[in-house]
Structure formats: C-alpha cells, structure tokens
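Only one chain is given next, in structure tokens, and it is the form predicted on its own.
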Amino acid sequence: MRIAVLHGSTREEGNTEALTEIVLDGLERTDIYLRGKRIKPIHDQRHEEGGFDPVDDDYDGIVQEVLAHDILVFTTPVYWYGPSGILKNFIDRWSQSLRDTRYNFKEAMAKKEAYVIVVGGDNPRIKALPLIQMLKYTFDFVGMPLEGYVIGKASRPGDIKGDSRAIAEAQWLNRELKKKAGC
C-alpha cells in the first residue's frame, strides 16, 4: 500500500499539516507539497480539434506520482467554503488527464482510495461539508471511493492542538490506515 499526500495548504507547518501528521504518524508516504509546485490553471480545450495543448508546468509529474500510489490523502484548509486554490487547480487539470492517451486516468484513479483532511476556523464541521461533498462528487466521477475524512477547527497557528475531537478522529484514522498497511 503506497500513500501519497497532496498538501493543499500554502502555509508551512500550519494547522492542516499538523492534523495530517497525526493521521499519518508512523506510515510511510510520499508528501507532495502543492505550494512548491507550479500548476497553471486549466485552459479548457476539451471541445477543440486536437484537444489539450501540452502545458509547461509541474502538473504531469505530480499526476505520474499520484498514479504510482494506492491511497491518496488530500489536505487543505477551508478557503471560502472550498479547497485552497492550489488544490483546486490540480483537480481542475484532471479534465486534461481524462483525455491523455498515455494512460486511462479514470480507470487508474478508480483503483485508489481517497481520504480528506481539512481545517477551518469558522464552524468547520458544518461549513466544510460542501467542500467534502465537492470532493466526494469529484472522486465519484473518476470512480475513486472517499473512504474517510477528518475536519479540524483551527484558525491561528497551533490552534489545532485544542481541537480534541479532530485529534481523536485523526488518531482513529491513523489506526485504520495502519491496519490496511499491515503495521
């Protein structure tokens, strides 16, 4: 079982990363920090003759890394009731991958499992639900099951330490992932 973590936070060592560390403690994984990657917004060419033009950025390399893993963990702070822009740009580009003749993106993604870790400051257990639902619908489209998620409440740096519920849920998910990994 190979785990890839798609870190959608723009802040290093923020609350989202702290909660993610609890979920993945003791598990081998590949960390992909989207904030350090250059992912251009999608130029929608789905209906143009010839399809999508090649894009000179880091997206293709990230997709190749994603396709080499079995479990994908998407992490993001809640930004205006949705994911961070860098995570959304990455997901928007899936439209391009769906038409890429080098692989069957949809079939490959359907063989993976998804987990989501989000942190927000303003009643996130309610206000982050549209974000979770958006990601679930996205994952459903490519046939990838959303196996679980953890929502944390934090705003200022370090606040996540005070969310005992999120920490307990993160620890529970850690145990479940360790069972899958045979740890």
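Start at 1 with the first residue shown and count on from there. This structure is a prediction, so every number in the text was calculated from the model and none was measured.
Below: the form predicted together with a further copy of the same chain, not depicted.
> Could you work out which of 63, 32, 42, 114 is the residue within 4.5 angstroms of a further copy of the same chain in the predicted complex, going by heavy atoms?
The option sitting close enough to the partner is 42.
> So in the predicted complex, is a further copy of the same chain close enough to residue 150 to count as touching (4.5 Å, heavy atoms)?
Yes, contact at 4.5 Å.
> With the partner left out of view, is residue 38 within 4.5 angstroms of a further copy of the same chain in the predicted complex by any non-hydrogen atom?
No, residue 38 is distant from the partner.
> In the predicted complex, is there a heavy atom of a further copy of the same chain that lies within 4.5 Å of any heavy atom of residue 169, even though the partner is absent here?
Yes.
> Given that a further copy of the same chain is not shown alongside this chain, does residue 130 nevertheless sit within 4.5 Å of it in the predicted complex, heavy atom to heavy atom?
Within the cut-off, so yes.
> Using heavy atoms only and a 4.5 Å cut-off, decide whether all three of 20, 102 and 110 touch a further copy of the same chain in the predicted complex.
No, none of 20, 102 and 110 comes within 4.5 Å of a further copy of the same chain in the predicted complex.
> Quick one: which residues from 84-104 get a non-hydrogen atom within 4.5 Å of a further copy of the same chain in the predicted complex?
Those in contact are 84, 85, 86, 88, 89, 91, 92, 94, 95, 98.
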